[in-house]
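In structure tokens, the next block holds one chain alone, the form predicted on its own.
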Amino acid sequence: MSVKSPIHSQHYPDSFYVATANNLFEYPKLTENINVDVCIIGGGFSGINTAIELRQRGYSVALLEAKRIGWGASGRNGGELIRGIGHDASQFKNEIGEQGVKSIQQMGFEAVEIVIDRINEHSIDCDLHMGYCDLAVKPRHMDDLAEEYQDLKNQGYQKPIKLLNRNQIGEVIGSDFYQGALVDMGSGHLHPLNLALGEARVARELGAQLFEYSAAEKIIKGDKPKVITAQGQVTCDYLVIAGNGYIGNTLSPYLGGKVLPTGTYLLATEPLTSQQCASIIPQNMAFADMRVALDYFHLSADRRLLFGGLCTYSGKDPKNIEAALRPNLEKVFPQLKGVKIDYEWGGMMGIGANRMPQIGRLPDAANIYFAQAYAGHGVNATHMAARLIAEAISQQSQRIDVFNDIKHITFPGGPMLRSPMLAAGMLYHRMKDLL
């Protein structure tokens, strides 16, 4: 992977991903009034892949990004491609029925395949490597993993999975911190910014119009929705809102009230030796533990440990990300104590109250679709959301209705009180983790 000069990475947050981006292509700003079949707000995985899916179906598309393509969570996340969509679809059985629950479970498998197929079909260089483990920190987590293992078998999951106890876990990780693991060879890890940039290239080559520094300032609903930017306007038949944790409350109070921007953070160490890599992650897998305030980590293509965690609701980053995360890293891998940290960064993901992605249509505008609130598992779920929206617009299927029928509450208290209220709730669950 090549390191780009600062001029090419301007206006992106400093991160390992930006430093190792393959091609930070610059897209124009919208400076005129245009007409398209579909306008998309948001240049992350959801928006870019909706553009790809719609262009493949013959629709004209304009995508508006407020910053740079992949600037938000899509270009900053932990880079883990993990099976599943949302948290425990069975909790919505009364709303969507048993068949709806099964449909979401199967789409959780399909979503990963969409990503893999897109990477392979379009030769996207994003360091995809298969292999992932859920890690048990407490003995009761092993019961949860055993239940998950059986559920996957019952759902007909076709990828190799295996339960490892404490005596066996050394096969996959060199750490005494964990009780066991569930190995899944159908999930893995990748370079998320390079995936987003590669997919943007695909959308561009398919004929989608992509615009950067073209923030949507106002939406006018109607038979032909209009999106107003500082220097232009898009008139369309269908509108897709995919701003996620950066949507805010001005553009769409309805959507802004249902998603809470939540901070998460990562470190990238200096390149490790082959011996160090073998001692900590011998099979080059990705990992996440079972706690509410979880750690997640994997090795990069150039042998750095990428280690993430924390979860903040204040909208403010920690004063020192390394100081906040290093103790967690060294608790998991004491053999890396004192390792040099070359990069630290963070960003906002979107969380909904029930931890199920919000995918559907606005209740007062059937021609305006939305996708948001992936709760930290958006690499695959975004791609599934894009396909569902494209299927609905092209009338190929109404699979989107399964998600549209799930009710999502508006966080109470308005923008000023949402964060502290959720923080109090999460503190309760963190205290349970300590028991």
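Note that this is a predicted model, so its numbers are computed, not measured. Position 1 is the first residue in the sequence shown; the rest follow in order.
The same protein also has a form predicted in complex with a small molecule, omitted here; what follows describes it.
Colleague: At 4.5 Å by heavy atoms, is each residue in Gly86, Met107 and Ile406 next to the small molecule in the predicted bound form?
Modeller: Not one of the three qualifies.
Colleague: What is the one choice in Val240, Leu210, Met349, Leu305 with a heavy atom within 4.5 Å of the small molecule in the predicted bound form?
Modeller: The option sitting close enough to the partner is Met349.
Colleague: Looking at Ile41, Leu54, Leu30, Met384, which is the one with a non-hydrogen atom within 4.5 Å of the small molecule in the predicted bound form?
Modeller: Looking at the other structure, the residue within range turns out to be Ile41.
Colleague: Can you check 99 to 107, 140 to 148, 272 to 280, 241 to 249 and let me know which stretch has heavy atoms within 4.5 Å of the small molecule in the predicted bound form?
Modeller: Comparing against the small molecule in the predicted bound form, the contact stretch is 241 to 249.
Colleague: Residue-level contact is defined here as any heavy atom of the residue lying within 4.5 Å of the small molecule in the predicted bound form; does Ala216 satisfy this criterion?
Modeller: Ala216 belongs to the contact set for the small molecule.
Colleague: Consider Leu266 of the chain shown here, and say whether it contacts the small molecule in the predicted bound form, taking contact as heavy atoms within 4.5 Å.
Modeller: Output for Leu266 is yes: heavy atoms within 4.5 Å of the small molecule.
Colleague: Taking the shortest heavy atom distance, is Ser74 within 4.5 Å of the small molecule in the predicted bound form?
Modeller: Although the small molecule is absent here, Ser74 would touch it in the predicted bound form, with heavy atoms inside 4.5 Å.
Colleague: Looking at the partner-bound form in the predicted bound form, is Gly78 within 4.5 Å of the small molecule by any heavy atom?
Modeller: Gly78 belongs to the contact set for the small molecule.
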